[in-house]
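The chain below stands alone, shown as structure tokens; this is the form predicted alone.
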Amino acid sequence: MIFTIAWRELKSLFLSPLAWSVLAALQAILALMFLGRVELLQQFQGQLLAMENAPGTTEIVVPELFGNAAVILLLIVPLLTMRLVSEERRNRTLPLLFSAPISMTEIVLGKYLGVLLFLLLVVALIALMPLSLLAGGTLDFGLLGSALLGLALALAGFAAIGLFMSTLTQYPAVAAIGGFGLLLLFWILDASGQGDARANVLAYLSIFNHYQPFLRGVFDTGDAVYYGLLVAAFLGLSIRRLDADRLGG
């Protein structure tokens, strides 16, 4: 049933103009940023050749591209997740799901998997940009793979947070604003980690604090575990919320 629900959610995304608009706008914005980095690389190619241990093409293009992609997707993911549960509640179809022979865990995982598959498609489309540079040079596949993994893990966390916010209300717009606000909070936590030890503890909770090492080509299992715990925590909260709705209904 998980995959049935996931397939249903994925189809509904592609049947809505929102998903196509998001894909088009995201690709256009990132393509402009990507071409800007490539143009900068061409302008300074002579100086780079004269430098010892000069950064390569991948180091100049990929971290900037994927860093910008994460920031833009922080704004976009709440728009994709806002309807996952809130629209079911608004259309009064949520009791039908509760009465079906499936668990709350299957409902949450199915909806989460559907939007996650869409986001992984977005990651694949973004990957095509740096891969196009193979036509005229070489790439550091270690750095590129690390950045791709980091972006996928960050988006998994974004989706889990967005899904949880969608379980709290029947208004998709409220879920989108709440999801964006919560994700922005993680950004502020990252900015706060410049002072005393307590601020550093808060900074450790930041999504982006664990995302940056991937952009440098550093894979730390601690960062991967952090994202896993983040996803598990918000999916668990979503399941508890739907359980409370079911018992309350």
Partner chain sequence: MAGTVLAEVQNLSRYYGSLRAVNDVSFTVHQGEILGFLGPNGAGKTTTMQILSGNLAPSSGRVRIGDHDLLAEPKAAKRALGYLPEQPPLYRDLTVDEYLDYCAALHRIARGRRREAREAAKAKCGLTDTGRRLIGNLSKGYQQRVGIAQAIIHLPPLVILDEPTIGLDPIQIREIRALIRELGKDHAVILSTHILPEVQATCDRVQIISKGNLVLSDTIDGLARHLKSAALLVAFRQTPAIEEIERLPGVRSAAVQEDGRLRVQHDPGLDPTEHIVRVATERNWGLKEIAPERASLEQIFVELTTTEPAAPEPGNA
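Positions refer to the first chain, counted from 1. Owing to the predicted nature of the structure, the values given are computational and were not obtained by experimental measurement.
From this point on, the text means the form predicted together with the partner chain, which you will not see here.
- Though the partner is left out of this view, D140 does not reach within 4.5 Å of the partner chain in the predicted complex, counting heavy atoms only.
- The closest heavy atom approach of L96 to the partner chain in the predicted complex falls within 4.5 Å.
- Although the partner is absent here, A100 sits close enough that one of its heavy atoms falls within 4.5 Å of the partner chain in the predicted complex.
- Contact check for L15: a non-hydrogen atom falls within 4.5 Å of the partner chain in the predicted complex.
- Here the chain stands alone, but in the predicted complex its contact with the partner chain, taken as any heavy atom within 4.5 Å, falls in 100-108 among 171-179, 157-165, 140-148, 100-108.
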